[in-house]
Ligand SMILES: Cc1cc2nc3c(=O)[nH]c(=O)nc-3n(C[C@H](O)[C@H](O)[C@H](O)COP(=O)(O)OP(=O)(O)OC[C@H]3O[C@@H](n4cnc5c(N)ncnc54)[C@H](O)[C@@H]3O)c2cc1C
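Let's start with one chain on its own, the form predicted on its own, as structure tokens.
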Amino acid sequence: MTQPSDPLLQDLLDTLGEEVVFNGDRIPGKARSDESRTGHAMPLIYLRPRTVAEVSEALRLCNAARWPVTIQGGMTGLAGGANPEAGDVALSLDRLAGVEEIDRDAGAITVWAGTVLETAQKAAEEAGFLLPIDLGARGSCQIGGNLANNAGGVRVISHGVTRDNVLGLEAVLADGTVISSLNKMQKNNTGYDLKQLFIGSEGTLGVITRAVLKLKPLGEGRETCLCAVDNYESAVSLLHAARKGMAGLSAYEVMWRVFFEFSSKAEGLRFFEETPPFVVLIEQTSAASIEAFLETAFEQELISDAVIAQSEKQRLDFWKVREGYALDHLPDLMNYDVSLPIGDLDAYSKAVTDEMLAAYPQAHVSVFGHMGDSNIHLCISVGKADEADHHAVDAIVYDHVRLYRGAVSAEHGVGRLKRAYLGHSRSPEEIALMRRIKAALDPNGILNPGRVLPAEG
């Protein structure tokens, strides 16, 4: 790609000023890559708009110049979606931050796209509400990115994925047109639900600038436990029992033995004498005691042991193990986020693990995730890996997803890293329709090109 002409840079500077337009040494290093660490190029121009009008003007000028724009939020993604090419204009939403309003009567919070998720959560809690969206990266991910990727997280089992918690949305199209529908109503059956076009589109159809999110009442309490489970069938039965017997079930996370043993040892924590085949983390937010549920589970032989958190520190220790931060220290760690029918998750993980160890006997394969939402994560390290190794591991993970008719991305998005495998989960007709929608909303193809949709031909 050629370098942008001086007129484009000059037009951006004349319209937005040096406080918004950065180039050269003024571009921060964080613009290079998201958490996948697969980005290697710096953008040519870096924009930090402060208003929706500035976002609109920036896109209008870039669209007129037919110039590619990479949209960036908290840079916590793992699919390479925020990674720019060397000649791109990168547009950061970090200045469009803050809680605009909490409407107690509507049970809704209006936030700017650059608002850090944890900031919005705390504002909601101070007002006596729960913001249902919750992710491990809550301290750095941004609302706009959460919506653009339709992030899942740890509360999906009780509150749904991100798109289920959005009432209204504002977005800017590629040509600068502002689509603002900051609806607060639960019911609005007036034509197409346009917000859903942008939620999960990963910035390829428009730039989200504001959102109205649902709020829920705060729970009456919170209890968390770890359960030792002897086999996968019992883990599924325990899930059924928890859904039936816990009115406030808010999390059901399953950790396979290799992952739990590695993570707990790395954190210097020990909860069971021997590591069981599966460990289930259950959390509920209600006044009812979790002990009665566990007693019944023991009687039904669904669990062999259990530990109830006796303090906030111990609860956080449970979650520290579940988050698996220690895995990041493994060499060339490859993260996968897939979704399959709940009944197939263990068979899938065994098939992938067996093939991985046959190809790479020294490999580390950890499996864990939101079993109640049919979503698991695989963290794989084969030691020092080159590009061929990455492609080989991708093929093993995603070919098995296709065999089980699952999704190659459950919550992290497709981005750059999974676009070649989109056809493993979506039909040619579906992909063709996606292309038609993209062409209608972004005819010049400037918004996050090279993401989501596989290359043609």
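Bear in mind the structure is a predicted one, so any value in this text is a computation, not a measurement. Residue positions are given as counts along the sequence shown, with the first one as 1.
There is also a form predicted in complex with the named molecule; it is not shown, and the following applies to it.
- Here the marked residues V279, S349 and I380 all miss the named molecule in the predicted bound form; none has a heavy atom within 4.5 angstroms.
- In the predicted bound form, the named molecule lies within 4.5 Å of some heavy atom of G136.
- In the predicted bound form, at least one heavy atom of V207 sits within 4.5 Å of the named molecule.
- None of the heavy atoms of E54 is located within 4.5 Å of the named molecule in the predicted bound form.
- Interface residue remark: A113 is counted as part of the site for the named molecule in the predicted bound form, having a heavy atom within 4.5 Å.
- Note on the interface: of 32-40, 46-54, 395-403, 417-425, the segment with non-hydrogen atoms within 4.5 angstroms of the named molecule in the predicted bound form is 32-40.
- Checked against the named molecule in the predicted bound form, the candidates V212, L93, A251, V89 yield a single residue with a heavy atom inside 4.5 Å, and that residue is L93.
- In summary, among the residues M75, M371, A306, M334, the only one with a non-hydrogen atom within 4.5 Å of the named molecule in the predicted bound form is M75.
- Residues of 141-171 that come within 4.5 Å of the named molecule in the predicted bound form, judged by any heavy atom, are C141, Q142, G144, G145, N146, A148, N149, A151, G152, G153 in sequence order.
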